[in-house]
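In the form predicted on its own, a lone chain appears below as C-alpha cells.
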C-alpha cells in the first residue's frame, strides 16, 4: 500500500485526488507544518527539501508533484497516457507547463513578498496575476476545443486537470490582494470542467476528508 505524506488542503491534495481516481489503496499520513512536522529527521529522510507531497512507493519515496503524478501514470495509467502510448508527448508538454509555469505563478500571486520583499509585493502580484490568467487561457482553449484532448475533458480526470483545478482554487481563494483573484467563472470551459470533476464521488470524498467545500474548484470559499 502506498503512503502519501501531506498536509490537508496543501499541494498534496492533487496526489490524493489522483490516487483516489486511480483506485489504488493508499494511506494518507498528515503532517503539521506549524509544529515542525516537515522538519523532523524522519520526514527529511523522505524528502530532504522538507516539502509535501511525498509518496512512498515500492522503489522508495518519490517527491515533486509532477514526478509523483508521472510515476502513478506509468504504474497504473488512468490519469494519463503511459510511456509509449498515443498522445504521451503532448500530455507531457502540458503537465510540465502546469508544474513549471502555472504553479509558480499562482504561488507568487499568493506570496508576492517572497519574490521582492513587501515594498514591491503589489507590483509582483499584479505581474503574477497576469501570468496566471495567460496560463489559464491556454488551458481554457484546450478544455473548450471540440475534439480536444481527453485529459482536459470532463469524462475522466487526469493528472493535468486535477493539478490545474487545484491551482485555480488557490488563485481564486488565496491571493495576497483580493482584487487580483482569478475566479473560475472567467474561464467558462474550465468552470464546467471544475463542476464536473468536483461532483465525482472519489473527488468529493477527498475534498470532504480534507475539510474543503464541495465547490472547491468552481466556487471556492475566499480567504
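Numbering follows the first chain given and starts at 1. The structure presented is a predicted model; accordingly, all values stated were derived computationally and were not measured.
Beyond the structure shown, there is the form predicted in complex with a small molecule, which is absent from this document and is the topic of what follows.
Stretch 48-56 is the contacting one of 23-31, 188-196, 174-182, 48-56, since its residues have non-hydrogen atoms within 4.5 Å of the small molecule in the model of the complex.
For residue 38, a non-hydrogen atom is located within 4.5 Å of the small molecule in the model of the complex, even though that partner is not displayed. Using a 4.5 angstroms threshold between heavy atoms, residue 214 stays clear of the small molecule in the model of the complex.
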